[in-house]
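For this one, two forms of the same chain are given in structure tokens, first as structure 1 and then as structure 2.
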Structure 1
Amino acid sequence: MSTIALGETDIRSRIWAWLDRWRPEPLLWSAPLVVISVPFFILPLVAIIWVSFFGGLVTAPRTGNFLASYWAIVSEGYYLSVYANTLGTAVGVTALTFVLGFPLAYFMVRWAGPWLPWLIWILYLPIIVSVVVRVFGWMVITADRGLINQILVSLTLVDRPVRLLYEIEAMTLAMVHRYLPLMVLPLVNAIGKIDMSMDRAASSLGAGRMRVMTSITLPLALPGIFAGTQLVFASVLSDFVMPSLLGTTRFPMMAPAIFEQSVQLLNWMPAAAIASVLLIFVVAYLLLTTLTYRRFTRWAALG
């Protein structure tokens, strides 16, 4: 039927029709990303899950019980405390970054005026300055003869220096510092989009400032709150530097545990299993917050 010889124009129009149908342009543009992401992002994640069940790659393949490495990392009290510590820290740090970050973001949007460029640079400073610099700065602040203790001792509030460094305290201070910008930037974005006339309208209808804040500003800032908490929570769960440099081994966290089990102890399968659990925590949190967010903001679709 279609064996009639095709003229040159026919071929060209067929190619155009094909291009119209398949649109290879986005695929060509995204080719470099796909080429690096598949072997250096997707496959490593697959490898983690694979190794946690079946071994192989750098380890001997496992025969028999596929859940053995998971059993090993949920049956021991030590590992359960690692998960609890990590999740608890993530909740605490996320809450603290919100409490500290919201006023800053609000001020930046509403009133900063000439201060705005300065505040933006201050916010970017922790991102731009190396993490080791910040760790060292916190060491100077929290050491036994550091800033906080010198102040406390000179005010005679304490007789002996309070131990902060190599404890949960220094680790938390430094983590909040590290992740505060991740909370503030989405908040600035969200608060910036709020129409000020809503605020005015509520005020002229008799709402107090507190009422305006809780009924107008906070609900309308929800996109930023969700984005910020997602970024901070996921970052704290997988933080390696702060727990291992400022924290204590009496309060073990997941990322250092993964490093210790794999590179130091060569327990590859338990390491892969802990890494899978970490992955599950992060993905579960992202899904949960995204679904909650959709529920919360169903009304937003109206506007």
Structure 2
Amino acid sequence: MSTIALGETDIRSRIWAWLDRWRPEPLLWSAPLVVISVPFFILPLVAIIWVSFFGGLVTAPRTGNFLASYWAIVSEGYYLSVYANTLGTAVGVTALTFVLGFPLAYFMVRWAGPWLPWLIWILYLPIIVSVVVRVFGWMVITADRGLINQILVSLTLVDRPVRLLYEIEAMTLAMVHRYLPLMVLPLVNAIGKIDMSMDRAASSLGAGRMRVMTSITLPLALPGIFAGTQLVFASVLSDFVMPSLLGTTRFPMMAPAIFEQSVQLLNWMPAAAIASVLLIFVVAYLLLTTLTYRRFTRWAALG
């Protein structure tokens, strides 16, 4: 009888030990995220992928080759130019925001002092203001008689106004303005965590400013660099407003192409296929940058 009692006690102790190791708190905390993500994010993505292959939700079900939509958008020259334009713009805007954003973030952290909260608030302004308002502002700035052309003509740098509005240049300027905060804010957070005594120690050992920047600041700021580039790149890929209102039809991009196929031409399956390819681009870039980040953080840790 005592042996049975000891066996039951041992089983109960094992059960309680397993329950103690398995804590339901993380699942409970993530439950609201799951409740929101499934109906408003995951299910729409599944619906888009389903429509791209089979149709049937907003159009008649496909009866032929279920890869026909994908074959059309990867074989036609128009769609290939759309992909090239979008990826090139995303890379260019990401590079520009980093080139402009890193010195700004470094200045804000190292030299702004008590003005740092005000500068961060100024950075937030482009995010707070409606994107449509910003677009109209850039229309005024980049018009033939806008601020930029007036400055160029008054300085006799050009003889006549330069065509900027409804061209790639105006669209790129507006995108850099729109997404610069997404690059600067992660950089400010990352650079702010770097101990300044490390810079002083490297300088006292004979390292110049450039050596300190490349050997200490940049490696330790990698989390902010990768976070900023991911945010900007993914946002530019899916931008619809800037290419539609400031760009040109001679330079088509993916988001306006999706709108054209789905809303104007009612070709839902090609539109869904383009959207799926856009999602693949975003996921591939996020995975690539994450793997690169893990590789370089090992290098950064080794110094």
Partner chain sequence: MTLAKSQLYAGERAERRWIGLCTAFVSFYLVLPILMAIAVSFTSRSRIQFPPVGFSWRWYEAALANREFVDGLVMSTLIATGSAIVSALAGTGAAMALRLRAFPARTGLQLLVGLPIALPAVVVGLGLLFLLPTYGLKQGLVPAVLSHAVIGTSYVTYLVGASFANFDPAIERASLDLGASRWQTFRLITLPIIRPGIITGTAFAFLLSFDNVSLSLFVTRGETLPLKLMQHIQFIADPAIAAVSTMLVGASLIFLIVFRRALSERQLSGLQRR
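Whichever C-alpha set is largest while still superposing within 1.5 Å between the two forms counts as the rigid core. Please note that residue numbering is based on structure 1, beginning with 1 at the start of its sequence. Not measured: the values here are computed from a predicted model.
Matching the description of the form predicted alone is structure 2; structure 1 comes from elsewhere. In a rigid-core overlay of the protein, T156 has its C-alpha displaced by at least 2 Å between the two structures. Taking the rigid core as fixed, one finds a CA shift for V34 of 2 Å or more between the two structures.
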